[in-house]
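Have a look below at one chain only, the form predicted on its own, in structure tokens format.
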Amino acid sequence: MSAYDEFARRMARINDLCCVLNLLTWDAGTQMPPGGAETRGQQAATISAIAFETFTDPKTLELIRAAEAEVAGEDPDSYRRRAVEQARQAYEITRRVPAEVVSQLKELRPVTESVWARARAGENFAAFAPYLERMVELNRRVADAMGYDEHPYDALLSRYEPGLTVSQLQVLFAELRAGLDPILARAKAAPSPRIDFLTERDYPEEAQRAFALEMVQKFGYDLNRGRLDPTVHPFEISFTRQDVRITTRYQRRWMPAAVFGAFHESGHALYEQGADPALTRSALTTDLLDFYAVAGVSYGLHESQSRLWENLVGRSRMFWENHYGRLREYFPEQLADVELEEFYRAINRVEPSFIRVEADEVTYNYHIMLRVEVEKRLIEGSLKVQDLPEFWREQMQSLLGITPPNDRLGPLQDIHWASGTIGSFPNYTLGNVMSAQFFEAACRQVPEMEEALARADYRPLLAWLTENIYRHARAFLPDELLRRSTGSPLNTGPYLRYLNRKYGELFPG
């Protein structure tokens, strides 16, 4: 057996353990009874500890060194060389994080998520606060162990988006505010579209599920390697490219939540299902910093795909010109008096709202700006957990001119902090920006793309994304993928052009 093969076998074992962790996580979010949270945390901690100890064992370093020597003369872009390089980088970082901190985070996660779900239902932030304090404390320890140059939050950001810093985010947010504020002002001045047919009529869950599944299969989601389940907070999760599952949540008097939630998660799933089969159970389909089986190279890159399929495809006029008739077949009574234009304007209305996952495309990034500011302050210690609800209310009023009436519509709405993923929120905005950059490049490079989309043929788009992004899994960093496929680094231009074009038509000013 070659040195690389021995290295690959060890990575495969670690990936198997990560898949077990993913399975425990999926079950906790879909099937597990509330009483199982404590022991589920212990189970997750045990598996995580085994994965962590296996990866940080000196034997792993020996295997990496031997594999490095074997692949040294290969193409720098080869998957073998990239896999070894990624493992080396992750090893250097991971060995600095104490094993007990990793274990405590894994053990705390399902317990905290269970507490969060109850606190959210009861609008009781105080019940959640002690668990969030513990999560913040553990993440501070991770940041200190990883090291940083300017701000402790930078270390946490790099876990989800390599190289991202607070200073870079400040520049990005400033560019976006300059472009978004005028669009939001025009939208606020325009008459509000009719939405009564979405908020006052009953849409049975099974019909919502059936329509959503039909559409995501049209995108290319393979149900032979996937499934759709209900949950409190939608997510996608994979156990290799052969088993990639999505979830959504249903509201009988707000059908878009489930439909666009499924579109969003299917974008993540297409990325996972599109990874090169040769990379299965490899270092290039394993997050060796956080010990999850995942093909996406970064959270931002992953999010670009969920936002692309949800918004640039799923909320487009072209999409609904093709599929609104089918939606009416599922809901003939509810939509009998609703014309296509009314429906299109309703699902693309711009109105400041409390819930991030239901926010429109214009106001969505303001929600992320708030969460990033909260996370940064919590990690640096300038904001105490107990003061978070009041800070949240103040910032929502400042950013969007609205004040949440309770904590369920405020800091309790997202599961991320309960999951311990502090530092991941910026990637939603990065994903928005990347989504338009990728989509614009795909339409420019494939002459028949727009014609195909006009006839509801999503195969050319999926093929371009698979060729340029999905098949590479974690082999190339986000900036590399952007430059290779679009010709430029991260650029807000395509995103702001897209929003101005779309909402300039809806709200001419």
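Whichever C-alpha set is largest while still superposing within 1.5 Å between the two forms counts as the rigid core. Residue numbers run from 1 along the displayed sequence. The model shown is predicted, which means the values in this text are computed figures rather than measured ones.
This next part talks about the form predicted together with a further copy of the same chain, which is not shown.
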- Okay, which stretch from 190-198, 273-281, 171-179, 348-356 lines a further copy of the same chain in the model of the complex, with non-hydrogen atoms inside 4.5 Å? 273-281
- Can we say Cys19, Asp27 and Pro33 each have a non-hydrogen atom within 4.5 Å of a further copy of the same chain in the model of the complex? yes
- Query: Any of the heavy atoms of Arg377 lying within 4.5 Å of a further copy of the same chain in the model of the complex?
  - Reply: no
- Task: Examine Asp243 and determine whether its closest non-hydrogen atom to a further copy of the same chain in the model of the complex is within 4.5 angstroms.
- Result: yes
- Indicate whether Gln445 is a 4.5 Å heavy atom neighbour of a further copy of the same chain in the model of the complex. no
- Message: in the model of the complex, does Ala49 come within 4.5 Å of a further copy of the same chain, counting heavy atoms only?
- Response: yes
- Query: Of the options Arg249, Arg326, His151, Arg225, which one has a non-hydrogen atom that comes within 4.5 Å of a further copy of the same chain in the model of the complex?
  - Reply: Arg225
- Among Phe239, Tyr292, Tyr330, Tyr364, which has at least one heavy atom within 4.5 Å of a further copy of the same chain in the model of the complex? Phe239
- Task: Enumerate the residues of 37-67 that have a non-hydrogen atom within 4.5 Å of a further copy of the same chain in the model of the complex, in sequence order, or give none.
- Result: Thr39, Arg40, Gln42, Gln43, Thr46, Ile47, Ala49, Ile50, Glu53
- Query: Has the Cα of Lys106 moved 2 Å or more between the shown form and the other one, judged after a core fit?
  - Reply: yes
